[in-house]
Each structure stands twice: as C-alpha cells, then as structure tokens.
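Next up: just one chain, as structure tokens, the form predicted alone.
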C-alpha cells in the first residue's frame, strides 16, 4: 500500500515559447502510514507535485499509482485528500456541520451515520462538537483551518496531503495544528506536508524530500537530511552543533528540545564525573 511516483515530468505552456518545466523525471514513494515532508525553494515544483498525487494534475510523462490504482482513476480522490495552502477558501457552508458533511453526504452517507462522521472528524482535529452550529466564518483563522481539515478527514482518506499548513498561523495555532497532525499520523493516516518551514516539521517527519528546479535534490530520513546539508537547520540542532564545536560530547543530529535536554544533561554528568575522578 503506497503512492508510487515514477519518472514524472510536467511542463507549463508546453509546446509554446513560454514553456517552463515544473517537474522533471521525479521518482519517489510514500508508504502507508508514513509522515513525509516535502521542501524546497519557491518555484521548486512542490505545489505542482502534490496536485499530481490525487489527480488534480495529470502527469505528462511517467506514472503515479495509489495502492496500485492509476492516479487518473477518479477513485483515487477518496484515498488521497488535498488541503490547499489557504484552506479557508475551501469553506462555503452556512454552518460548520454543513461544511464537514458535504463530502461524505455526496458519497451517500446520511442520518445518524453522517452525524457521527462529523463528530468523529471534529474530535480528530480537537474541536468541540459545539462549533457545529456556528458559521465557519465566525471562527478564528486557526479554527477555520481545523474545520477545513475536519471536512477532509470526514472522507476517511488514507493519505492526507497539505500545502503549507502552518502558513499565517500564530504560534499557538501552529502548535495546535502540528499536534493534530501528530495525532492523525499516530492513528495510521499517511501525512504528506509541503512546507518551506522545514525546521518546525522535521521532528514529525519520517522521510524528507527536497525539490530543486523541479528535480529531486534529496530523499532520506530527517537525520540524514541534517548530515547532508548545512541549512536550514532547526535552532536546537544548530545549538547542539555549536556545543560539539566547543568540546561537549553531544550528538549533533538532535531534533527536539526534550532530546537536547537529555543529551546535554548526560554530557554534563559525564564531565562532572571525570572532574571529580
């Protein structure tokens, strides 16, 4: 069970004087249950790539399959859900309930089963059931983004693809969204996130894909990414590298504050033991 991208290329304005390649011979796979971070500079092809994953854009060459199904098959959209960079623009209902139930109701769900689907989706994103009767446009920006996410999750996707999900959010709502993504990942949903904020997402990712000029520049684990590039790096990783340069016997592939605390504590205890000995 996976998304397999094989030798995919895509050109805008193909065959004209304005032809520009967005993707060139791109290949990778996303395994079921994996958390994948896709990064790269503006114009590297990130957004074009993820629009291929659920068939919004068809590859001009190469192939994409989702659990063995060609991405041109409309059934793929029930397996791969895409949340755009500004998901608030996907909201349209008079109430939160109306927005979230739109997708599953179109697939024939109704009555108590539909109501339960909405409740479950709200619970997944950490919103109280009481918001169901409210207008989505009366909510904060962070809550609106979570409602849009709930609408996507109500479709029970196997793969959730998000384009710059933390863009424009304040620290509190960024933390809430990232916590929600971790919870969704733990529940078995595959998460694919496109972001230029690589540092804040590295601790959550299992695979990192970096695009450059429409081509794959790097694929590997977060720790392999840290060892292969000089920037950008999470602040906590930079701190550990600086400490190592100052002579502290600490790992410099640390991604989280908790791991850094343990590593520094162990290094200080070791130093103290040597000095006392």
Partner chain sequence: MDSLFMSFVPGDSIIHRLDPRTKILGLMLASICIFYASSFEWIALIALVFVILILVCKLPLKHFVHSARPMILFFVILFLMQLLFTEGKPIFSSKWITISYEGLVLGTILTLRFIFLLLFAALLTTTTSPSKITAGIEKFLRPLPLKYMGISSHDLAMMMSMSIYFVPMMYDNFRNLKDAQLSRGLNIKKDPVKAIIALSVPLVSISVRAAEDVALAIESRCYKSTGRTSVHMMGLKKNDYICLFLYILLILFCIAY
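For the two forms, the rigid core is made up of the largest set of C-alpha atoms that agree within 1.5 Å on superposition. Numbering follows the first chain given and starts at 1. Because the structure is a prediction, the values reported are computed rather than measured.
This protein has a second form, the form predicted together with the partner chain, left out of what is shown; the following refers to that one.
Residue contact check for residue 241: none of its heavy atoms lie within 4.5 Å of the partner chain in the predicted bound form.
Shown alone here, residue 261 lies farther than 4.5 Å from the partner chain in the predicted bound form, counting heavy atoms only. Contact annotation for residue 90: at least one heavy atom lies within 4.5 Å of the partner chain in the predicted bound form. By the criterion of a heavy atom within 4.5 Å, residue 175 is excluded from the residues contacting the partner chain in the predicted bound form. This chain appears without its partner; in the predicted bound form, the one residue of 189, 127, 199, 82 with a heavy atom within 4.5 Å of the partner chain is 82.
Partner proximity in the predicted bound form, defined as non-hydrogen atoms within 4.5 angstroms of the partner chain, places exactly one of 219-227, 243-251, 34-42, 53-61 at the interface: 53-61.
For the stretch 105-127, the set of residues having any non-hydrogen atom within 4.5 angstroms of the partner chain in the predicted bound form comprises 105, 106, 107, in sequence order. Here residue 188 does not count as shifted, since its C-alpha moves by less than 2 Å between this form and the one not shown after the core is aligned.
Core-aligned CA deviation for residue 198 between this form and the one not shown: less than 2 Å.
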